[in-house]
Structures are given as structure tokens and as C-alpha cells.
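Heads up, the chain below is alone and in the form predicted on its own; it's given as C-alpha cells.
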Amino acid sequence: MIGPVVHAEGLKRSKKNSIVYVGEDKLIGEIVQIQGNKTIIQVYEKTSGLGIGEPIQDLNRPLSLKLGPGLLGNIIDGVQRQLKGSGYLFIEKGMSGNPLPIKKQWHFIPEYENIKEIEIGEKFAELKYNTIEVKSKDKLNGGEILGYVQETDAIKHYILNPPNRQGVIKEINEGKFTIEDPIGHYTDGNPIMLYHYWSVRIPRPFQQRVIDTQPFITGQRVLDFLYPIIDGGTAMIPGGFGTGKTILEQTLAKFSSAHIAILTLCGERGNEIADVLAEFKQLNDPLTGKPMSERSIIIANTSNMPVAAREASIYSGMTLAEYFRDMGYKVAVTADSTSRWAEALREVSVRLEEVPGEKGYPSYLPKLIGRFYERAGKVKAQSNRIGSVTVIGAVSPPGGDFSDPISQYTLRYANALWGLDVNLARQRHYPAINFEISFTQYLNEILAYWDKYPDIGGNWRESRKVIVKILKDEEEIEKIVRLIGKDTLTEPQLGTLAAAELIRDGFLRQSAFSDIDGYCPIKKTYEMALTLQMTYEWITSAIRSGHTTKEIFEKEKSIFERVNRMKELENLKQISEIRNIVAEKLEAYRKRKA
């Protein structure tokens, strides 16, 4: 026994990745290597107290999740054990139990008619959801929908035929069933259940990928406007200690346009995660008005929990996401953080005596990171429903050094980077997105999408171009200030600095704890950006007319204060009124110039 790695003998016909019970306490483990008569097992629990000669039981199935009603609202570890105790962060030794409620009865409704559109809350109306109808069939293919149970007020849980199971229905019944009661039978006599198992390391099959440019709305202006991603896209959030990675991911889970949120908390501090879980239990979903737990699942493996289960946690999160994707839902997966997951891989790899790669990480780490991110996407599932998995992974580079292996490997597969800046965080500028390093590869697709909606994004492309230019010019001007001082700046440069300050403070800065500003609808984001674009043009026109920046801001102080406080307004008409005032000022200076 070397930490969580146990060497065993005498397991006949064992298979790699099979689950085993280790010792008298039945600790959960997974076979990771087979060398002749010797079997090497990775144990997902602490091995203290385990002795030589204790029995091992091979369950002859891979590490799998039990997928069925009762998943939503759960707080589990990486191998689907319910977390108990204060803060839900305690696992009893040898604890297994049933991951789904076994006594609760679910009202199952067979569904042979056309499946209706999924609707959850009015705010989801911003993005119309595409659904493909499924006709009645007696012969079932893998992954087809059998019916549904109303798991929560917000979510219908569609019961799926297992992806690898085909058959002909002999009977299927409507009524109330526990998770262990058969709801019908196939003609071969096998029961039809409300649940099925699926291996966490095997992606669930689908018919085809769907090419789509529909944006993934986050409700955060800096992301939706400057660095957007598509529904089914991938993004990474690198950032040092204290830059707000965890808060940003929680905010995305609460406010994004996903129907289901999977939060994978991997290797973070136990006390911090305990606070997160306590807050989540009391949180009302701003999109549905129901408890947030009705459309979320939390997977928590803290730094003080067994390292091997941490390694399995992100696969479990992705498997849960694919399961709900196959029902036709949009699912958001946040992984916080993949750096801690990679550290767990390194620790286990060292104990397995594998050849190390860069900085001691296993040489196959880039391949594993790629497999994780490539399970994202929008697909036509086996159920004929269109569903998506959007993946947002946090990276915690040591000392904030983005050249570390995890950050560089992740860059190969993530199509957007939302880099967090320690200096911005120290200035209490949140989200602390660094504008120099952040990027998105989805920009052209999303700009083309918004061009189709004049009332939301008719001038989106031009407004973004102007605001990005102001921020880039500000960076260059700041370099001059650091070298020779502010007194040498020209009036146009001072005007650019003043406009950039309005953009940073009044548009890019956003409080996750504000009832009004925590979530910004896409229409409001566009209206604010358009107003700021016109404000910059007004300042520029006034300077060209001979006014100084100081004179402009002293004379029109009340207007600039209203522009700066637009984020505190709920009524879009109030923002339109501010923009009309700015437009009048701009037009007046243009007439003078003419």
C-alpha cells in the first residue's frame, strides 16, 4: 500500500477500470494496472487502517454513475457518494449507499406523443430553444425517451432508454414508482427502470454535432460583449489566488442561459467550499424564482478529501452534463479547478511509478485535458433532441504564472480565455478580466448572429470596435504616463483616459452580489455599450471644438454621473433617455463643426 495505491494478488479475470471493494470496510477502488497476477488499484478513500491479506471484491463494472430522477439538488463527491456532516463535506469510511433516493415515489408519465418545447422562466425567452419532435415507437433504440417524471418545479426529468440498449417494449405503465420499481418490461423479459448506469470515462454517444452560432449568455457584460462564447463552447479562466475564479463560476451557474448547472469543485479549500454550499442551499434562482438547487448539481472534492476521488470528479461532472444534454437541455459545466485535478493525477502517477513529464505531471496529461474539453458541444442526441454542454474550466497557475503546463495545455483546447488579473482584483474591479490576454475565437460567429437582431445587436459590431479601441489606446497612454508623466498628454489622450474610466467603472465592473447588476440582460448590455460609444464621440467632438477634457466634465458633470450609473437602472427606458441626452450633445457639437 502506497497512499491510495494498493497492490493486490489473486483477482482472476479482472479488467482494467473495473470497480472493486477493498478490505473489510469495502473501500471503493478502481483497477488502473494489471501486471500478470498482480493488480494495482487506485482507492477513492483513505487507506489508513487497511492491512495485508484483506479481501478484495471485483464488481466487474467500470466506474459508473447511477443516472435517474433525484440527481438535481444533490451534493456528491467524484464517485457519486452523498456528502454528509457539517457543510456536507464529510465521508464516512467505506460509505457507499444509494446515490439516488430509494424510498421516494416518482409519477412516471409515458410519452408517446410529440415532445413539447422546454420552457423555463421568461428570461430564457432571449434565446429560443430548438426542439426536434419524437414520434411514438414500440421498438426502442438506444437513448430514446420513454417518458418523464416532474423532478422539480422547473425541470422535467426525461427517462431515457440506456444508450447501449435496444429492444421492443412489452409493457410500460403510468403511475408512481420508486427508483427500484420496474416501470415496464421488454419482450425479452428484462425490466425497464427509471435509471441506468453509465461509465464516467466513456462519452455518451450522439447522432451528430450541430453547427450553431447561438451565444451562451452569461449575464456578465465583459464576457457577453467583449469575449462571448457560443452555446456548447469552451472557455478557460486562469487566475492567481484571490482573483475571483470561484465567485465568477458561481455567478455563471446562477445567471447563464443554461437550463442545468453542474458545479465541479475539485481540490479547493474545504472551508471555502463549505461556505459555497451553505449559500447555495439558501439561494433563489434568479431565472426561475425557484430554489437554485432545482436545476443544479454540485460535485465537491476538497483538498482534504482523498486525492483519487478528486481525479474522477471532472469525469463525473461531464457524464452528468451529457445525460441531461441527451434530454434536450442546455447544460453548463464549471470545473474549479483543473489545476488541482492535474495535481491529483500527478500524485497518483508518481505512486504508480509512471515516467513523469513536464514538472512531474504524467506525460499523457495533455491528452486527458483534450478529452475533457472535447466532450463539450451542441449535438443531436440519440433521443433526437438538440442539447448542449458548455464547459468553463478554471486554472490556478502557481504564482499566477500563465506559462505553467496546465494553462498551456488547456489553451490548445479551450476556444476562449477569460484571464483574471491580480492587480484588477486588488482594485476591487470584478470580474477582474485582463483585457490584454483575454480572447475569444467565437467572435465572428456571434457578431453575425447579433446582426440578425437589429433591436438587440444592430450596431453591436461597431460599438464593440469603438470600446475595444478605447481600452487599447488607454493601455498605450498609461505606458507614456509611467515613463514621462501625465502632464505631457494631449487633450485627445486625456479624453480617451476619461472615456476609458467611464467604460471600466460604469460598464465592465459588475457586482455579483447586486440584486440589479448581478445579472445584465443582453438588451441592457447593448443599450449601455451604445450609450458609451456615443459618449466617447461626444467627448471627442467637444475637444475638437476647442474645449478641454476638464471643462467638459465640470460643465456636464450630472450627465456623466448618469452615464456612470446606468448599470444601477432596471428600466431600459431610463437608459434610452440618457442616450438621447448624449445624442443631443453630440449633434450640437457636430453642427458647430459643420
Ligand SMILES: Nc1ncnc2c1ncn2[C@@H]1O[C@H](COP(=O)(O)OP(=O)(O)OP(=O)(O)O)[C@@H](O)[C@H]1O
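So that there is no doubt, residue numbering starts at 1 and follows the sequence shown. On a predicted model such as this, the values are computed, not experimentally measured, just so you know.
This next part talks about the form predicted together with this ligand, which is not shown.
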property: Proximity to this ligand in the model of the complex (heavy atom, within 4.5 Å), stretch among 295-303, 68-76, 241-249, 157-165; result: 241-249
property: Glu272, heavy atom within 4.5 angstroms of this ligand in the model of the complex; result: yes
property: is_contact(Tyr430, this ligand) in the model of the complex, heavy atom dist at most 4.5 Å; result: yes
property: Thr213 within 4.5 Å of this ligand in the model of the complex, heavy atoms; result: no
property: Partner proximity in the model of the complex: Tyr197 to this ligand, non-hydrogen atom cutoff 4.5 Å; result: no
property: Partner-contacting position among Asn434, Thr178, Ser511, Gln82 - heavy atom within 4.5 Å of this ligand in the model of the complex; result: Ser511
property: Heavy atom within 4.5 Å of this ligand in the model of the complex - residue from Glu268, Glu474, Asp224, Asp326; result: Glu268
